[in-house]
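Below you will find one chain, with nothing else, as structure tokens; this is the form predicted on its own, and questions on how it binds or moves follow later.
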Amino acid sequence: MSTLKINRLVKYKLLLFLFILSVWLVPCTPAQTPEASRQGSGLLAIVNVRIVPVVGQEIPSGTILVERGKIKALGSHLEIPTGARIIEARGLTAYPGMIDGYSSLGLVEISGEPATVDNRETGRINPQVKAIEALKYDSMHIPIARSNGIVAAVVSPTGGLISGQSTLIKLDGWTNREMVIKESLALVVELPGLRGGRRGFMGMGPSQAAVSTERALSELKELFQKARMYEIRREQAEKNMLWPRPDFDEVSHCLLPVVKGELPVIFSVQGDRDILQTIRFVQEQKIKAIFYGVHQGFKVAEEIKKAGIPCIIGSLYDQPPVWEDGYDSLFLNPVLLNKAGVKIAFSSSSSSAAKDLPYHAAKAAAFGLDRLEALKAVTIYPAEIFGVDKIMGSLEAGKLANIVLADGDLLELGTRIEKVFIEGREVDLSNRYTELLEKFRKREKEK
């Protein structure tokens, strides 16, 4: 072998040895998960801020310490750890991020364009359908809602008797799965509404729905009973091999968590008589229930309270279903339900108008709802209703750092949202509205 070839061989071996040595000497650090990366591991301190935790006493001027996506501590005399990132918030108020109790965010982009509407499945009975599967994570309505202090939303399907399963999402994430807080949140059941009720203004009286609530509940009862029998047959087949195992029934299988009391049901119900029928049905079937809409809930508020069923108030942009109830019945409805002791939460019932969630609470406050109760109805109350109050809904140590910094009252139209944090991460507040604003500002300058 020539001297040149030997020298090359020695050189290659030496380079290989140095490469292995360099890799071996690099200190091993634990891999950081995508979620940890998004939350950040460093400390954040929001200082000199007025804190409205919605539970407990308000702090006129204090500090919120955030670590790994959660609130580590908050108070008026906290020592700031060395190396913490400090945000000066003098003149601002910290609120918990708001939760939309019922929406179509990510499911409807332009309601008049069918290709962008994906909030319903064909057929009447669809317990297997999950809203998360159709969620458009890059919907332009999500950053718009987020920029107004809304950090989470219940996304619900619609259509048919059993519409499917709603999902609780955070309004931040690169994919629909990354946005999930609780995938199977509740089953959505749509009962007949007060169709044509406004005709009562002309003395004609409200028209009857094509399918009565009584008939719809009877059909629902049969489906629940079928699911219970399906489970009994499956259990018997597991205990005794001589028993034939039933064929897979998708509807019954997906209803099992409901009849077992593991998955609540959101009943979309409006009229007072329909509400009373649904209360009896819920008690008879022994299932967990949440009422949505409840336009005439104020007429049977005491019965709802006794049944212990919480209510998600429908959009206050609607008109009264029956004129005889009065022009202000929808605004007074949450006030009277709250006074009766019913736990309420507000909803946008929309995608394009999801940004207006705080103003629904403000309308009710203008008609007599206590302002703190109105604030709770977009923060801690929806969290309690959907069983996530241990992790969100208020500013408390140990909860997710979902924080909104505003220059005034969160429910006031003129309040400016300065910063929003979702799980401790400051999110971008730019959206379609801010893009248009900058576009026309630039146009004015060019003139």
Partner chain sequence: MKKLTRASIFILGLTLMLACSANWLLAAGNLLIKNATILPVTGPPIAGGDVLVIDGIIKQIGRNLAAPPGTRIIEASGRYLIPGIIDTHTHLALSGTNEGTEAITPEVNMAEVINPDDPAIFTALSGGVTMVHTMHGSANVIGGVNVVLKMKWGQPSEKLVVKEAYPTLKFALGENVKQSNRTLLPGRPQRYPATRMGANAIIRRELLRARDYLAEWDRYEKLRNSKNPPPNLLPPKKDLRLETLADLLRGKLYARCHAYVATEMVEFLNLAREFGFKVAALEHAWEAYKITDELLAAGVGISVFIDSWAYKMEAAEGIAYNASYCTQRGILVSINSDSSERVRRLFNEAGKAVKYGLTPDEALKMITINAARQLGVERLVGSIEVGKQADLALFNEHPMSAYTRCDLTIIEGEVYFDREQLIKERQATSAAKGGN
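Residue numbers count along the first chain shown, from 1. As the structure is a computational prediction, the values presented were derived from the model and not from experiment.
Note that the form predicted together with its partner chain isn't included here; everything after this is about it.
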For its partner chain, considered in the predicted complex: do all three of Glu113, Gln319 and Ala365 come within 4.5 Å of it, counting heavy atoms only?
yes
Should Leu411 be classed as touching its partner chain in the predicted complex when contacts are defined as heavy atoms within 4.5 Å?
yes
Would you please decide whether Phe248 lies within 4.5 angstroms of its partner chain in the predicted complex, comparing each non-hydrogen atom pair?
no
Spell out, yes or no, whether the shortest heavy atom distance between Ser61 and its partner chain in the predicted complex is within 4.5 Å.
no
In the predicted complex, is there a heavy atom of its partner chain that lies within 4.5 Å of any heavy atom of Tyr359, even though the partner is absent here?
yes
Tell me, out of Ser252, Ser352, Thr93, Asn338, which residue has a non-hydrogen atom within 4.5 angstroms of its partner chain in the predicted complex.
Ser352
Exactly one of Asp328, Glu133, Glu183, Glu303 has a non-hydrogen atom within 4.5 Å of its partner chain in the predicted complex; which residue is it?
Asp328
Picking from 258-266, 104-112, 239-247, 183-191, which part of the chain touches its partner chain in the predicted complex when contact means heavy atoms within 4.5 Å?
104-112
Within 421-447, the residues having any heavy atom within 4.5 Å of its partner chain in the predicted complex are Arg432, Tyr433, Thr434, Leu436, Leu437, Phe440, Arg441, Arg443, Glu444, Lys447
